[in-house]
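Take a look at this one chain, the form predicted on its own, written out in structure tokens.
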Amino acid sequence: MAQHSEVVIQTKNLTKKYGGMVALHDLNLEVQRGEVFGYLGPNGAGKTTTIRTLLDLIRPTSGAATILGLDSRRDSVKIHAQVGFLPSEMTLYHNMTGRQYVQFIEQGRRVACMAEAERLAQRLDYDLHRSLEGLSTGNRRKMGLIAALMHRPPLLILDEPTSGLDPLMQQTFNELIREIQAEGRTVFLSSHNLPEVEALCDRVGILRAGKLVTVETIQALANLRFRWFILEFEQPVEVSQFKALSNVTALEANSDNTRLRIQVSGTIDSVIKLAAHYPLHDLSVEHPSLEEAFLEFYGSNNGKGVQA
């Protein structure tokens, strides 16, 4: 994990309302320099609202935010010059080629980016000479990534960056993000791609109905709610004793009750003590994937689960 020494993104009670509907409620969040921060939540949770508010594309109802030490509203022009932004949905100029689009952005930013754009295009297997009209979703994403990365910004804000990319290009994207982090730059990554987040991110913030549910390291999130214990005994056990434990939230047993797979939330002490009453042949632990932990947060959301 990267070593961090300063706050790159900070929000204080950031709130956005649309009439009587609260899209974002009192968001207090910090992202540190050099980390890859994952921002997760089902559709409509407020992820894109957060990003648009941070970049002053929409104004907050109340609260404040700083980006790279700059006020998100007062210093938005300076912020945009130092941020690489990839929106979840982007519009390209269809009367341009990719190369012309890069030149157009160069003129606006007053920064020479062509050499880096060509390097990125080669990595992403994208032809900058082709027209931007009629591009597939994957190729639009590639062009968007090139545009966001080519000026080598200290902060990247990426909203669903790998949507439409094939598995090989997703792997290339992961490599690029690791290289960016190794250079000490920061990535704020909003995504539904849980394996991607698990592979790349240092910490994860989970948003639900406009409220920040938790911010955890990837490892802590995986351990946060439950673990599976697989107990193999030399003789049948009394399964009902294990089911009766308050921290056992699920249990699976084989036909002769010599192998139990037990989901445990919280402390494991009572399970281990009970298991010690029987001749135990083997014990192993399965930690949940990020997806399982995420579903645990949202699976009871009125039976709707995660909208991904």
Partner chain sequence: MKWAIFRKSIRDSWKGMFGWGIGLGLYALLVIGLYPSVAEQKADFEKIMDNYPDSMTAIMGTDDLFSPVGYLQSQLMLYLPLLLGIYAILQGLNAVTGEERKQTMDTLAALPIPRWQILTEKFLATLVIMVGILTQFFLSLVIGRMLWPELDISYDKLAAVTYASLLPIMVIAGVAFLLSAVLPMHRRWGGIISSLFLVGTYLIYALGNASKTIEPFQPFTPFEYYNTIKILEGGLPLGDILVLTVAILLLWAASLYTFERRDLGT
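Positions refer to the first chain, counted from 1. Keep in mind that what you see is a predicted model, and the values were worked out from it rather than measured.
Note that the form predicted together with the partner chain isn't included here; everything after this is about it.
For the chain shown alone, residue 91 is a contact residue for the partner chain in the predicted complex, at least one non-hydrogen atom being within 4.5 angstroms. Looking at residue 52, you'd find a heavy atom of it within 4.5 angstroms of the partner chain in the predicted complex. The partner chain in the predicted complex is approached by residue 77, whose closest heavy atom lies within 4.5 angstroms of it.
The closest heavy atom approach of residue 245 to the partner chain in the predicted complex falls outside 4.5 Å. Think of it this way: in the predicted complex, the partner chain has a heavy atom of just one of 230, 215, 209, 96 within 4.5 Å, and the residue is 96.
For the residues 107, 137, 235, 122, the 4.5 Å heavy atom test against the partner chain in the predicted complex is passed only by 107. Of the candidate stretches 187 to 195, 173 to 181, 125 to 133, 99 to 107, only 99 to 107 contains residues with a heavy atom within 4.5 Å of the partner chain in the predicted complex. Contacts between stretch 40 to 59 and the partner chain, counted in the predicted complex as any heavy atom lying within 4.5 Å, involve 52, 56, 57, 58, 59, listed in sequence order.
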